[in-house]
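What follows is a single chain, given as structure tokens, in the form predicted on its own.
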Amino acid sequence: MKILETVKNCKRIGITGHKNPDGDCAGACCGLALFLRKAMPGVQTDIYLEPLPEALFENIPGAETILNEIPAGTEQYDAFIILDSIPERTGFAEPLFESAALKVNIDHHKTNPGHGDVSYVDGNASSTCEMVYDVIDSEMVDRKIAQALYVGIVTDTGVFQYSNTRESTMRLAGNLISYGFDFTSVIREVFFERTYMQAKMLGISLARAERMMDGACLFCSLDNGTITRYGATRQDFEGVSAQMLLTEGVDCAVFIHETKPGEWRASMRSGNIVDVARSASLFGGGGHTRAAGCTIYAGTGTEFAEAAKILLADIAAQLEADKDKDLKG
């Protein structure tokens, strides 16, 4: 698939990704928009996303052009592209996709069956940013496009430490940094640095985490009351599950926080055994084998406890099945 061929007759193009955009989502959207604006200067290209965390906003070229809401009088788009997501997870921009003359979906989540008129899904790709590089014309890549795509690759591979990192990923990353942006600062600011509140909430989450399943699973949940008491927001919990997974002996980390009364966001990471995408699918979520999430709709108390029990039971079953496999040789 080549994106210029796909949208060659379009005059108005919209781009969006999932709610609560991360580095891959935002980098893919901005990188593709920068390319289309350069390759098709007479075409209107708009990006629709929820507000970005400051570190992403400051490090992704083109982020300043993102629209956080639909302007009054917005007309139908000739083409609308969803990156790193499925339509149901795009939030306020979903109606623009549904009304577009041409619907395009590009994603690297294996749980995405593909949507729209043209879909390109590769569950083996490290990131949607890597896929965006594949669909654009490489000779038109410049420093800004390269940096936007690099941000997504760095964040979704955990700075090249996750199992989704391929040889082609490393070659592409090397090619992108040749465009001359300060890649060391990008890595530090978008992946490692934390605000004081993020560091505080990480500490609280780790202190409250419980070891389960003979220490193979680490679980933590924070309700809305606790979060409100500390004055935290959803962005203050970025990377908590990934940090939990670094605990010795842990193969699966589950972090759940209540985003608003009765709505819980689960973020899961695994090492070598548990397919967290399978577990997330129990609640309509998805993602990757080693990194996935879902939204659980349940009241605080018994209702949430029952939902968490279902999630943890699936993780326990996978860990047990792995033990049985080892015993059988």
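Quick note: we count residues from 1 along the sequence shown, nothing fancier. Treat the numbers as computed from the prediction; the structure is a model and nothing was measured.
In what follows, reference is made to the form predicted together with ligand AMP, a form of this protein that is not presented.
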The stretch from 26-34, 41-49, 286-294, 54-62 that lies within 4.5 Å of ligand AMP in the predicted complex, judged by heavy atoms, is 286-294
Check each of Asp251, Glu94, Glu238, Glu258 and return the one that places a heavy atom within 4.5 angstroms of ligand AMP in the predicted complex. Glu238
Look up in the predicted complex whether Arg265 has a non-hydrogen atom within 4.5 angstroms of ligand AMP, and give yes or no. yes
Should Lys103 be counted as a contact of ligand AMP in the predicted complex, where contact means heavy atoms within 4.5 Å? no
Are there residues in 87-109 with a heavy atom within 4.5 Å of ligand AMP in the predicted complex, and which are they, in order? Arg89, His109
